[in-house]
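Given as structure tokens, the chain that follows is alone and in the form predicted alone.
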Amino acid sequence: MNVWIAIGVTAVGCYAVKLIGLMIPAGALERPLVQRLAALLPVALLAALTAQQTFADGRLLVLDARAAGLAAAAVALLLRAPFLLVVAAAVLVTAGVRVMTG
């Protein structure tokens, strides 16, 4: 039953955030600072999520196969590889390191 309460509270919270967003005056959203923050915030959140999922295990900092895969993806991006090749490089390097380390 607690799961359904959490789902209900989450749904109401999402609706409230959406409603609050719609109530903000258009003039406030057209400010350059707000537009710049709206453009950069998703990138920062995605980078933080990637770092947390790659380098954290609970409360510990770890360097394992995931870090090697991320490094391979970064190199592929620097070489301007297509997206599927970037993902394939990350997968192959991560799998290879996991096979080598057991």
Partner chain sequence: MAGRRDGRGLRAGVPSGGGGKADAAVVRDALGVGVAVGLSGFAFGVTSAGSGLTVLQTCALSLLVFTGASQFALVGALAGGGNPFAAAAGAFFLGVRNAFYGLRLSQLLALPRAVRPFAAQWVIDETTAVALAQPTRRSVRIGFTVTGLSLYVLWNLTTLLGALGAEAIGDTDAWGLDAAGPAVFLALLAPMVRTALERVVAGLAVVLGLGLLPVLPGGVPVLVAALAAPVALWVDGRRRVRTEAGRDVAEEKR
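Positions refer to the first chain, counted from 1. Just so it is clear, the model here is predicted, and its values are computed rather than measured.
One more form of this protein, predicted in complex with the partner chain, exists but is not displayed; see below.
None of the heavy atoms of Leu63 is located within 4.5 Å of the partner chain in the predicted complex.
Put simply, Thr101 is far from the partner chain in the predicted complex: not one heavy atom of it is within 4.5 Å.
Using a 4.5 angstroms limit between non-hydrogen atoms, Leu79 is distant from the partner chain in the predicted complex. Contact annotation for 9-24: residues with any non-hydrogen atom within 4.5 angstroms of the partner chain in the predicted complex are Val9, Thr10, Ala11, Gly13, Cys14, Tyr15, Val17, Lys18, Leu19, Gly21, Leu22, Met23, Ile24, listed in sequence order.
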